[in-house]
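Next up: a single chain in structure tokens, the form predicted on its own.
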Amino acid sequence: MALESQTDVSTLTATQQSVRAQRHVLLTLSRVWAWVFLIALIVFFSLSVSITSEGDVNFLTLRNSQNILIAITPVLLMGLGQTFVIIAGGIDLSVGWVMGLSSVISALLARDLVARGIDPTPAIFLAFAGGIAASGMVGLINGLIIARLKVPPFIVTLGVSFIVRGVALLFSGGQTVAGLPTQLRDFGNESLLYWVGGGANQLHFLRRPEVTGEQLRALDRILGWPVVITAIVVAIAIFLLHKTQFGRHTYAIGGNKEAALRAGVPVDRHTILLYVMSAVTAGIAGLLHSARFSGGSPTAGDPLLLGSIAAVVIGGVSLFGGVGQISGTVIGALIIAVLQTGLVMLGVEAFWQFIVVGSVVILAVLIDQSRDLIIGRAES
């Protein structure tokens, strides 16, 4: 009897170890699937575009990679603020129109200040400050209503998005604000590095080579200023979320709000700051939009709102709060941009992009739920 008991215990222990190993593998896969999926997309489009396209068309080119980076900057900037808010258990549906408001305010200020004789450089800085201030004010209103009046974030930010939409359209007259200084346009389209194919002195740092006409089309811009600024904001967000008390409080509130309160976390104040941060990052996206397109558009961020939330979800941020990383949001934004760019290069009709991206979002949510299920079973 004793020998049989020992055999049963050893068998049970081996079975438990096998189950734990399987759960560990599944948990690891659920955490890295986005990276694997992104690499698979790049490989797929690199092969398929070169096979199906006529002429010398490739997916993996310097110019195409830079176009992808430029394309993801507004989605990523809005997604960064969303990451903090969603980790804390909230949602911000106003960021799309906050981006539009910031674009309009900054464009109006830049145009009017220069028209009054102020030097373009300080005028642009003042315009940017005005756009950020207007965005932060919207975030402050969101945060105060959510934290102080205890209204659900979904309702508050949805209602505020309509108000901000109306304000942006009123300020712009329903039109794109034009007549901006050329210095602003140059900032939005200049780059840190330039690559000129062929010849000597190919790489230019912080200085656009003197080229005109057809030569300009052959000029490859490397790390445009919008990309550089977005990278700086990403680095700051990573530091805040993973290296500071601010980040620890964000995770604590999303994990268990009542426990965070008992632990002395200033939940209301922190919630207000989170929504201000979300609005400010969306405001930065609006500034860069005005600079890139040399115009302030009130609808600039409207079509990008769902894309920013999709990037956050694809990147592994839990919609239930308490889980997520900035790097995941970056990967999520890259996946969306690579998908859209690759499908366009393959000649796929535009509406299929929505179907594919929506399918990837559903897949991400299913993986997120399976990860929570695995963790729950492991803890039990």
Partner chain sequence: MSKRFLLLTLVGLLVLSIAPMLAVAQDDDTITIGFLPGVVDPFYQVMEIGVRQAVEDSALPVELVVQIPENFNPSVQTPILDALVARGDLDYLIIAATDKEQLIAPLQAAHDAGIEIISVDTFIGDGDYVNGPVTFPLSYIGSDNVEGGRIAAEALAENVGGTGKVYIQNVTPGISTTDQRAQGFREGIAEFPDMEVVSEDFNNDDENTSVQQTSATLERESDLVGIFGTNVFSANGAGIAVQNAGLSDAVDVIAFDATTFAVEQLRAGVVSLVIAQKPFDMGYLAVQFAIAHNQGVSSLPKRVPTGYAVIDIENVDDPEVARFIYQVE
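Numbering follows the first chain given and starts at 1. All values reported here derive from a predicted model rather than from experimental measurement.
From this point on, the text means the form predicted together with its partner chain, which you will not see here.
Engineer: Quick check for you: of 230-238, 288-296, 113-121, 145-153, which stretch puts a non-hydrogen atom within 4.5 Å of its partner chain in the predicted bound form?
Structural biologist: It is 288-296 that comes within 4.5 Å of the partner.
Engineer: Give a yes or no for Gln183: in the predicted bound form, does one of its heavy atoms lie within 4.5 Å of a heavy atom belonging to its partner chain?
Structural biologist: It does not: once its partner chain is placed as it appears in the predicted bound form, Gln183 has no heavy atom within 4.5 Å of it.
Engineer: So in the predicted bound form, does Ser318 come within 4.5 Å of its partner chain, heavy atom to heavy atom?
Structural biologist: Because no heavy atom of Ser318 falls inside 4.5 Å of its partner chain in the predicted bound form, the answer is no.
Engineer: Does any part of Ile42 reach within 4.5 Å of its partner chain in the predicted bound form? Heavy atoms only, please.
Structural biologist: Close contact is absent here: in the predicted bound form, Ile42 is far from its partner chain, nothing within 4.5 Å, heavy atoms only.
Engineer: Would you check, heavy atoms only and a 4.5 Å threshold, whether Ala133 touches its partner chain in the predicted bound form?
Structural biologist: Ala133: no contact with its partner chain in the predicted bound form.
Engineer: I need to confirm a contact call. Of Leu304, Val160, Ile91, Leu273, which residue comes within 4.5 Å of its partner chain in the predicted bound form, counting heavy atoms only?
Structural biologist: Result of the distance check: Leu304.
Engineer: Though its partner chain is not shown, can you say which of Leu193, Leu126, Ala71, Met137 has a heavy atom within 4.5 Å of it in the predicted bound form?
Structural biologist: Of the listed residues, the single hit is Ala71.
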